[in-house]
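Next comes just one chain, in structure tokens: the form predicted on its own.
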């Protein structure tokens, strides 16, 4: 067991796991710690599975083949509305705020799950595309309306043969502001980019993972891997109008939330 600060500072995303089983006892310990997180209204639920066939059914989500346990974290308003009805009331609360509070609850639970898993020697990697794939997630896991996926998590024991590095972050002075928000000028933006870009290029992150995103419309790409950096990568992610065939707002509406 490591202290909490070591766990936070040493944590890195794991994309290859051993075949060591994650026992039900370990899972229960992790999940129990997860739900000890602070909450707005306990609007988070988790579906988890070790079933490889189910994982294969979740096409387009990017689950790593060696994943031992897949967890999906949901905003669960179906349960909340049943509680409201059990008290004899009708829910008329703003769905936009309902989702916002639910996302807060889910992300707090996720962080507790990640840190408790690390404390027990496991590793994980987040799957951010999950909301865009809500239709297939709901079909595979029999998820009702008014329950919406926030993020996925691949979990297992890290493969020691694969070296991973802790990733750089923006300088603290450009992310945490005392007394008031400070808009960043051109110099500060360049420093943010430098701290991220140099770290990723030095580690060879995109070369190792063959993770370059092509430019849209078949445009010529003159940025080689030795210059392909974090800021280039994250910028290219935003050159696409959306990640899937539909906007996220429309996906959310299909799952029973009234978003104007």
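Residue numbers count along the first chain shown, from 1. Please read these numbers as outputs of a predicted model, since none were measured by experiment.
The discussion below concerns the form predicted in complex with a small molecule, not included here.
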{"item": "The small molecule contact at residue 18 in the predicted complex, heavy atom, 4.5 Å", "value": "no"}
{"item": "Non-hydrogen atom contact residue 144 with the small molecule in the predicted complex at 4.5 angstroms", "value": "no"}
{"item": "Contact of residue 169 with the small molecule in the predicted complex (heavy atom, 4.5 Å)", "value": "yes"}
{"item": "is_contact(residue 236, the small molecule) in the predicted complex, heavy atom dist at most 4.5 Å", "value": "no"}
{"item": "Partner-facing stretch of 69-77, 176-184, 121-129, 87-95, counted where any non-hydrogen atom is within 4.5 angstroms of the small molecule in the predicted complex", "value": "121-129"}
{"item": "The unique member of 151, 99, 188, 115 whose heavy atoms fall within 4.5 Å of the small molecule in the predicted complex", "value": "151"}
{"item": "Candidate from 225, 39, 48, 64 lying within 4.5 Å of the small molecule in the predicted complex - any heavy atom", "value": "64"}
